[in-house]
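To begin, one chain is listed below as structure tokens, in the form predicted on its own.
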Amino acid sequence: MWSFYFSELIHSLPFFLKGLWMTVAVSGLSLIMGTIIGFIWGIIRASRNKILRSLIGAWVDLIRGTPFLVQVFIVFFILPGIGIELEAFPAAVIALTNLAACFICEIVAGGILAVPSGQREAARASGLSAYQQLRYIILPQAMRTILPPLVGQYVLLVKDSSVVSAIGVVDVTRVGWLTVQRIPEGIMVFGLVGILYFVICYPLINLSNILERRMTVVATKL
């Protein structure tokens, strides 16, 4: 019986690969847009503008303090009540982008604030504009602090993408749930699901470790 289930699972591999591609598509789009938005929010979060800083901080705290599943349900099921109807895929991308942006915002803001105040004062004394200070002085130094946790956060967000299967996105998790109804061998089916997530996340984990080691070496040299 076990060998029969295994052969059936092998025959289902193309279905799993399509689900894997959907996971990559949802995660990839969300991480790209979430990174862009997160950097903008993070820069504002570390700025002197108290109003914008407080508004973004309140939104970030709200999103980080509520379950991602609830956020996905709000985007997919609640927004149509006010006239915003979305298919499952764009709803998933919007929800995951928002989640990514909020976590990345805090990482970026923390990295910027970690730059010694003396560097900012020296930049201002040199007559650099606020944009020039950010581009040439603050961000290059902040990236040493930002990059390792940023890549680590990518890994967590890829795993969080499994939640979007709850609204019908046929990602690799959804494929696992559909397959286990036909092949009632949960350990085998979801073991394969876990392996496929590992295939996506392992390169990011390695990249995070490499960046962390390099940044540590740079810090010790300084």
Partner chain sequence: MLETFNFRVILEYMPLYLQCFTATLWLSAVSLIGALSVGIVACAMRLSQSRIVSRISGIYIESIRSTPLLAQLYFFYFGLPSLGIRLPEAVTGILALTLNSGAYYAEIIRAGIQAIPYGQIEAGIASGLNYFQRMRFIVLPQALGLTIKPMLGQAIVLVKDSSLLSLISIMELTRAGQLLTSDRFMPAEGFLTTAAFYLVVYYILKSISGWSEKRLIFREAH
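Residue numbers count along the first chain shown, from 1. All figures in this text were calculated on a predicted structure; none of them were measured in a lab.
Another form, the form predicted together with its partner chain, is not on view; read the next lines as being about it.
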item	value
Residue 197 within 4.5 Å of its partner chain in the predicted complex, heavy atoms	yes
is_contact(residue 165, its partner chain) in the predicted complex, heavy atom dist at most 4.5 Å	yes
Partner proximity in the predicted complex: residue 70 to its partner chain, non-hydrogen atom cutoff 4.5 Å	yes
Residue contact check: residue 56 to its partner chain in the predicted complex, 4.5 Å heavy atom	no
Answer option from 201, 17, 210, 24, heavy atom within 4.5 Å of its partner chain in the predicted complex	201
Heavy atom distance at most 4.5 Å to its partner chain in the predicted complex, all of 64, 82 and 193	yes
Residues in 31 to 45 with any heavy atom within 4.5 Å of its partner chain in the predicted complex	none
